[in-house]
Each structure stands twice: as structure tokens, then as C-alpha cells.
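The data below hold one chain only, encoded as C-alpha cells and taken in the form predicted on its own.
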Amino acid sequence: MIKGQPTSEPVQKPPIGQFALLPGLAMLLVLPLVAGGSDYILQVFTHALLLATLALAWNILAVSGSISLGHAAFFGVGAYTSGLLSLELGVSSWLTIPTAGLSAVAIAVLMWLFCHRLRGAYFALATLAFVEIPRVITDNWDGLTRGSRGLVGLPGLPGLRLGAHHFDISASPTGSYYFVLGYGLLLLAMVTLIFRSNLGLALQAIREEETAASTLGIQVQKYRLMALLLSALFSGITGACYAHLVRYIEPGMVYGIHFSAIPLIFAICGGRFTIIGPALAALVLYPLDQFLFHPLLPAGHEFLYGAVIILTILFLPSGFWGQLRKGHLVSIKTGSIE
């Protein structure tokens, strides 16, 4: 075959992720074994995995073309719901964490009522403003939420009981790490199914051309609402896991702009219309920030995210994973020998 000559038949190549992702997964699985007993390394990667799940959840809505700056509302409501139920009522975290996701869905319904007619930047700004509603309520309802004092002494992540054996997940950084890793892999599998389902195809059609999608019979508002609710559900669960991981939360922490902006940053850098890209960006950028830039520039280490966004927009507009996949697909179409 002549290099560069188009072929009439598709060239069969193994998926690029088959070789790129499996070694990465293996590294995550053995990380506690090679970390040398360093609790700090495990804590950093545990937090990176949580941010990866938030980015995955955020991207469910983004694939429809809607950019949200209000996911801190879902994250914060999930954190407070699980924290209050477990701290005040003694409910098991196995029950409070999924309940937190449902409470975030309720907030998403309210957001939808106010924002469903908006598009583009107007939708993004409206979701950003919406974060103030649960934040103000949480900050001022002292009788229920303890206000600005926050929730102190939250129970850790739920344990596992197998027969006569009980595994306290939160007793060590290793247990917490594997719990969050398991949740991340489960969420990745669910997001993959969503993206490859009829729902995912409909969302992509809406993103590309909403009017044409509607003409073809796709119920635009219905699918956008479903995407928002699913995104809120998993964001609320992530917020609950965060609350039980750090064991202390307060309104300024969980409703801050950080948890609204960081999934957008990871999605842009990794690839907003890819499945794994945002999660990979979280697992690369956050440890890089904590291990390298934070020691060098304690007061301004987060400039890394701004610099990476600028470089990505200029040189990798599809994100690094999106650009990698795009190059692979082009090579298949042209039939070039690599």
C-alpha cells in the first residue's frame, strides 16, 4: 500500500485507548504499593480522582453543548445533605451518599425552571448566579446547617462488612483511595454507556445543530433536562464523597467557584467532547500542581490552570485527548502506514 493513498476499505486498527489507558489503570491500581507509604501522595491522588469524577459528571451536560458554571450548587448540596444526615441522624454513609445525589437532582430541577430557555453564555452565567441560592440558605440557616461554622467531625467514608470481617475504609489513606478509585471507575463505565446510548447520540445532535435535531424529531428540551439531571446526580454523589473524605465542610468551601470552574478547566484541557479526556486532565494537572507548582509558588500555584487553558486553546483546541483521537482517526481514513 502506498503511504497516503486512500483506500476503499477501512483499515482495522486497535482502539487507541487499548494501549494508552490500560497501563494508566494499572498504575492507579498499584499506586499505594509504589507510593512508599507516603500518605500525602495518596491524599493528592485521592483528591485528583474525586475531581476526575466531578469532571466526568460535568461533561454529561457539556456534551449537549451547554456550559455550566453552577455545578458547585450540586456539589455543595450533596456534601451538606450527606453530612447532615450522617452527623445529626446517624444514618449510614451507604444511604446518605446516594440520597445526596437525589438532593442535587432536586436542585437541578429548580435550576432548569429558571434557565431552560437560555443558551450559550447566558445559560452559563445564569447557572453561576444560581449557586448563590443554596449557598446563602446554607450560610444563614444556623438551626439546620450550623451556618458559617460548618460541619465538623463528619464520619468517614462507609466501611465494608464481609461476614465476620469489617473493613474500615476511612481508617487509612489507602482505603479511601481505593474507595474513590472504585467510584471513579464505576462512573466512567456509566458515562461511557450514556455517551454511546441513544441519549448520548441525541445530545451530540443537539450540540451540533439544535434546530436540525428538533426537525428530526429529537425532543431537545427533554434530552437537555435528562443530561442536567444525570450530571447533577453524579456531582452530588461526588460532593458527598468529598464531605466524608475531608470530614469538615463549610459553605465557602463547597459552594466556591473552584468546584464550578475546575471541571470546565479539565474538560477544555482533556477534550470536552470525549469520554475520558476530562478525567485524564484531572489526574495529570492536579498532581502536577500539588507536587511541583505548589511548593515553588505557594501563593500563586494555580496559575498553572490558566496557562494550560491558554496553551490548549491556541495549540490543542480539541484538548490533548481529543487531538490524539482525532489524529488517530485521520490516519485510519487516509490509510497511511505507521
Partner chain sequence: MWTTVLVSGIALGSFYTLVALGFALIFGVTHTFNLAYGELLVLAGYVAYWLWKTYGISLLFTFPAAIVVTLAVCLILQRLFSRLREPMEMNSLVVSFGLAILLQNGMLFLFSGDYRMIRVPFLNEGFRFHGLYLSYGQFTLLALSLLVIALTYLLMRHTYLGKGLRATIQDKESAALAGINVSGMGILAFAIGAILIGLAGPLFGCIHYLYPTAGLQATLIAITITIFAGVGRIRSLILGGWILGLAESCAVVVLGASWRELVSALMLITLLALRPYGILGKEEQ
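Here the rigid core means the biggest group of C-alpha atoms that line up within 1.5 Å when the two forms are laid on top of each other. These numbers were taken from a predicted model, which means no experiment stands behind them. Residue numbers count along the first chain shown, from 1.
Although it is not shown, the form predicted together with the partner chain is what the next lines describe.
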Worksheet item: Is there a heavy atom of Leu186 lying 4.5 Å or less from a heavy atom of the partner chain in the predicted complex?
Response: no
Worksheet item: So in the predicted complex, does Glu302 come within 4.5 Å of the partner chain, heavy atom to heavy atom?
Response: yes
Item to complete: Consider Ala124 of the chain shown here, and say whether it contacts the partner chain in the predicted complex, taking contact as heavy atoms within 4.5 Å.
Response: yes
Worksheet item: Should Gly120 be counted as a contact of the partner chain in the predicted complex, where contact means heavy atoms within 4.5 Å?
Response: yes
Item to complete: Among 235-243, 100-108, 82-90, 261-269, mark the stretch whose residues have heavy atoms within 4.5 Å of the partner chain in the predicted complex.
Response: 261-269
Worksheet item: Using a 4.5 Å cut on heavy atoms, which of Ile137, Val152, Leu160, Leu95 is close to the partner chain in the predicted complex?
Response: Ile137
Fill in: Residue (of Leu230, Leu181, Leu128, Ile169) lying close to the partner chain in the predicted complex, criterion heavy atoms within 4.5 Å
Leu128
Discussion item. If you apply a 4.5 angstroms heavy atom cut-off, which residues in 69-96 are near the partner chain in the predicted complex?
Written reply: Leu69
Worksheet item: C-alpha of Leu292: shift of 2 angstroms or more between this form and the one not shown, rigid core aligned?
Response: no
Worksheet item: Taking the rigid core as the reference frame, is the Cα of Leu29 displaced by 2 Å or more between this form and the one not shown?
Response: no
